[in-house]
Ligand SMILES: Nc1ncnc2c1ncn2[C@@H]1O[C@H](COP(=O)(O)OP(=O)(O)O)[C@@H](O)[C@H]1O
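Have a look below at one chain only, the form predicted on its own, in structure tokens format.
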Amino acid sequence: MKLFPSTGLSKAGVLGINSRNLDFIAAYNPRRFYPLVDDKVITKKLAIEAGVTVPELFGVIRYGGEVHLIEEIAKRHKSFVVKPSRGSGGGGIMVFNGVAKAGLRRMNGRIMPWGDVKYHLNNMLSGMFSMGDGSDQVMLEERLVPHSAFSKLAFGGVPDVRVIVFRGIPVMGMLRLPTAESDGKANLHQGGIGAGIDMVTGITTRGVQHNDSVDLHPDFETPVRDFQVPGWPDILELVSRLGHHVGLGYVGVDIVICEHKGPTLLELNARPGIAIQTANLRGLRPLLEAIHALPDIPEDVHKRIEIGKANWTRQSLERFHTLEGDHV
């Protein structure tokens, strides 16, 4: 079943790309703050300053002459992630969980020869997977171990939680689950699953893959709805605190729930996509407009969270009554 048929999009409060860009990103995100989130090395430093847990950074490769450093880091840490510092959409990211004489072991068990590894690193350095023009840096960081609660919901990778934060207030969230089709990446465009989250309880409400409603994870046949996201109160506090701290009014905060570290920042996005609406089967616009109308936003993070929960509940009730009226 295809979600959000073309008729009734406005009535459902769906936020379109143009409105997102003009009414929220352009209006609330000063361009001078973009480097804080577009460059993951800077983001990591900013998060540490804000007291937010982040994956450990093992090293940064800045130019071709440093590509050999990956061999030293691999021998020391065995398991790690490589990613472009200014990458987007998961492009270029590779996860390794072992070292062999011939190269590095990927999560699917295959060995990637050293020559191929270094060729891929050079492609990342050239900016092939990055936003904008020009060269980039390669980050080598800790591979997070997903919370054990995801053992039957994440195939070959690490799930994450995306929360839209507006004016420091959490507005809408979804759980992104890797699949065999997505090659273990929690990326919806590559075949991952998005599951809407009730913002008050942290329980998933529905699942979607390729814009189609799904009830079961295709690789485990495990229900993707009615799942309690671990550490939900801590997640709300983390995203609210960091979303307020970076100076961007409209931001997507991506969190991994690590077995050992708890909720851990993956990255920030100054231009978060709108597929989160499909995962929740509800529009962002009414939620955002209610926050936009607030004359003042409290500094206290817990008060902002309570506003977010109240906003979600109020809009849910109004939506229910609207739908109920349509069927009378």
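Start at 1 and count along the sequence shown; that's the residue number. Computed from a predicted model, the values in this text were never measured in an experiment.
Form predicted in complex with the named molecule: not shown, discussed below.
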Check, residue by residue, if Pro55, Arg143 and Glu267 all come within 4.5 Å of the named molecule in the model of the complex, counting heavy atoms only. yes
May I ask you to choose, among Gly202, Gly89, Gly247, Pro223, the residue with a heavy atom within 4.5 Å of the named molecule in the model of the complex? Gly89
State the residue from Met112, Val81, Ile73, Val99 whose non-hydrogen atoms include one within 4.5 Å of the named molecule in the model of the complex. Val81
Test of understanding: in the model of the complex, would Ala186 fall inside 4.5 Å of the named molecule by heavy atoms? yes
4.5 angstroms heavy atom contact with the named molecule in the model of the complex for Arg282: no
Even though the named molecule is not shown here, does Asp254 get within 4.5 Å of it in the model of the complex, heavy atoms only? yes
Considering only heavy atoms, tell me if Asp160 and the named molecule come within 4.5 Å of each other in the model of the complex. yes
Based on heavy atom distances of 4.5 Å or less, which listed stretch (206-214, 226-234, 116-124, 143-151) is in contact with the named molecule in the model of the complex? 143-151
